[in-house]
Every structure is written in C-alpha cells, then in structure tokens.
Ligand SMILES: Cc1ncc(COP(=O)(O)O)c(C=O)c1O
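Given as structure tokens, the chain that follows is alone and in the form predicted alone.
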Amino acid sequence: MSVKTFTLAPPLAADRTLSPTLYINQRVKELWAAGEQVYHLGFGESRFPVHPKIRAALIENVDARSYLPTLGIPELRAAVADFYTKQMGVEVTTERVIVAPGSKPLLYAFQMALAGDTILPTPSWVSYAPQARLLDRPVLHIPATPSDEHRLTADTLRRTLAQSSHDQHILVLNSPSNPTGQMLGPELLAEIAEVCRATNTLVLSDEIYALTAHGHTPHVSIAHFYPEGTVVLGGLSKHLSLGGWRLGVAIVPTGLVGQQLLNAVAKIGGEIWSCVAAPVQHAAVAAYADDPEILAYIAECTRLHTARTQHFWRAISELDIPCARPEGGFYLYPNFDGWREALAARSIHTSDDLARHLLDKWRIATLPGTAFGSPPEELSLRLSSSYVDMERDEQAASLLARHRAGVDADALVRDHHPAMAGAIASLRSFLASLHE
C-alpha cells in the first residue's frame, strides 16, 4: 500500500527551519540530559517566580472554563487600558484593547489584516520576517552595520520605504530591542513618526520589554508621536516571567483606523484562537492591577536583569569585543568581525558557523546574527543573560531570596553566578585560541 503525500503551501515548503530560539533551547536541553556542561546564552526567558498574588488569582479561577470574548473579558481590557495609560503616559481606552494567547499571534494577525510590505530594522527579532513569509508578504530590511551599533535612522528608513512598490507599509519596531537591547530615543521616534505619517506606514510597536529598562535610558513609546498610526503590543512574559502563560495584549490606534483594525483582528482571532484561556485572563486582571506590591516586584526583577546583563556587557567590553551597551531587556549583540581572518583559518565564515563552533567546541549556546536578519558574513551573535544560573526554578528563587536578604545586585552577580563566570571564561579561552 503506497503512502499518501501532500504538497505544502509555498511559504512552508520554502522554509523548513524551526524558530531559532525554540531550536537552541531544545538542543541545549538535549545536551544537558546527556550530562554535558553547556552555558545557555541562546534563549530569552525571564525566569523569576510567579508573584504570589498572581498565582493566587490563577488558582482562584481554575474552574473558569467557558469560552470568553475574543477581545478579552471587559475587566481585563479595562485593567490593561488603565495600566498602559499610567505606564506610557498616553490615554488608552478599554475599547482599543485586545488580548490574545501571546503577543506573537497578535503580531501575525495584524500583518494578516493589513496589505503592504513589512519593513524591519536590521537586526530584528527572529519571528517578524518568518511571519511575513508565511503570509507571502515582501520583507524589506532597513540596513545597519556593526560599525554604527546597528542604529536605526530616519534616513535609512526613508530610503528603504522608497524601494517598496506598495502605497502602504507595515514598520515593526521593538524597543528595547531583541536582539541588541537598545532603546529608541524620543527625538528619533518623533522623526520616524513623521516619515511614517508621510508614507502611509503603520507601526507595529513591540514593547514587550518596556518594563525591563535598565535605568540609564527611559523607555518612550512611539504612540506619543504617532497615535493615529501605531499599534502597541505587550504582554506578561518578560517583566513578570510568565512566558508560558501566553498572554499578549495590543492597543490599536485612535480613530477609525484603530476600530477597523480591532474588528479585523477580532475576526482573525475568532477563527484561530477563539480566546485566551479563561483562568489566565482572570489572573491577568491581577497582573495588570495598579498594585504596589506587584509594581515593586517588577522593579525588583528588573534590577536583577539589569545587573546580570550589564555585568555580561562589561565582561564582553573588557575582552575588546564590540557590543552596544544594552538599555533594556536581557540581550547583547556582540560582533566578531575583528577576528575574521583567524576564524576563516578555522573554516568559520558566517555567524552560523561561529555559533555552531562555540556550541560544539566551547559549549556556549548562542544564536547567529542570520536569525535576526543580519547578513551571513557579518559575524554577530545574540547572547541572552536571562537563563544562565537560573536554569532551574529553585535557582531563580534562591537568587531572588539572596537579594531580598540584603545581597547587593552587583555582588549577587559577582559571587553567586558560577555559570555566568564560566561562560565568560570560556569566551575568553575561545578568543585566546584564535591567536594560537
């Protein structure tokens, strides 16, 4: 009996790769299970414990099992609107809010709802471009290089938009950025807003890391400057370590455009995800409440993310590896072009080669720059500080307990992060090997 085969849709047939972040996490766990020592710098997952009030709210609503409105329950949408009004400093009304099982499906749904090219900074998060390709949508990358720390400018945006053959566009911004950790400042955002306004460009502003700013650069939303053309996206995964709960939110623009978008995404959601899990929605009401204890917990976790990430950045800088200083989140994007000749002598010519070499020989798990849209020959890697020394739940809880017992955040990183110290030592040995 012959085996029946089916033809995949063109976008899926053309791209057989898994999400790079999910793949590296799976690969590292396989190596751990085999007893290997691996320094996991490849996966960005905030690992701190669930806040007790949010846990209690989930348990209290565990019997909630009915289908809920696709847009989200009214009390959650109202809580999100109030939360973002206070956090962003711009008024958000309940009617402009939609919730979904993660911000990733929301990003996909908004791209599905709109026509035009998708415009992406270089580098940018691993799922933006694949989502566009799944929709058979053209993707234009705004050029940037390590020499200018991959800075986005209004001029490079303008030149990229001029290459489009469509009369409207979707610009995806991410501030703080995954993978560079950099923030878009208010002057630049105002310039970008003017360019977008003049070119019929809608902005999907992924602000999932907004509450993890490191303190030396404030987070500002482009919605301040372009409220009529900005969709703000966020969720609970980063600042409250609830990635697996899958709760994302979006705030549509003001006016008729926003209402049309909300209706379109609600239709898409109704056919794809129906609604966010009922217990999670009820627990999220507590997460978005104006609760001083929860806000203090967010600030506490952010201090630790900051200390860990800045410590890593200082160590990389001391090794003379070019790397922009992160301003939020828990990512770094170092560049190894300065060692190109020595790496080529070892048959390492691309960032994929480099990432593979570091994992196979030095047991350092990273992601190659190609996953983020950087050219293959650019030897950039993304490192994440979020997992190392918090691989197990009890490790994360222990670090938090030590901090609460009075251990300064910087001392905590220096004295209680053996895996981070090991990763830095291994990276130092790798660079030394290039001179042998």
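The numbering used is simple: start at 1 and walk along the sequence shown. Worth saying up front: this structure is predicted, and the values here are computed from it rather than measured.
The discussion below concerns the form predicted together with the ligand, not included here.
K.L.:
Within 4.5 Å of the ligand in the predicted bound form, heavy atoms considered, which of S351, T230, N174, Q310?
P.N.:
Answer to the contact question: N174.
K.L.:
Consider the chain as shown here, without its partner, and state which of S205, T201, N178, T212 has a heavy atom within 4.5 Å of the ligand in the predicted bound form.
P.N.:
Of the listed residues, the single hit is N178.
K.L.:
Should the three residues R77, W273 and H282 be counted as contacting the ligand in the predicted bound form, with contact defined as a heavy atom within 4.5 Å for each?
P.N.:
Checking in the predicted bound form: none of R77, W273 and H282 is within 4.5 Å of the ligand.
K.L.:
Where does the ligand sit in the predicted bound form: which of 147 to 155, 133 to 141, 102 to 110, 295 to 303, heavy atoms within 4.5 Å?
P.N.:
Selected range: 102 to 110.
K.L.:
Would you please decide whether H357 lies within 4.5 angstroms of the ligand in the predicted bound form, comparing each non-hydrogen atom pair?
P.N.:
Taking the distances in the predicted bound form, the answer for H357 is no, it never comes within 4.5 Å of the ligand.
K.L.:
Given that the ligand is not shown alongside this chain, does S237 nevertheless sit within 4.5 Å of it in the predicted bound form, heavy atom to heavy atom?
P.N.:
The answer is yes: S237 has a heavy atom within 4.5 Å of the ligand.
K.L.:
Closest heavy atom of H219 to the ligand in the predicted bound form, within 4.5 Å or not?
P.N.:
No, no contact at 4.5 Å.
K.L.:
I'd like to know if R325 sits close to the ligand in the predicted bound form, meaning any non-hydrogen atom pair within 4.5 angstroms.
P.N.:
Heavy-atom contact with the ligand at 4.5 Å: absent for R325.
K.L.:
Going through 337 to 366 from first to last, which residues have a non-hydrogen atom within 4.5 Å of the ligand in the predicted bound form?
P.N.:
Result: empty, none.
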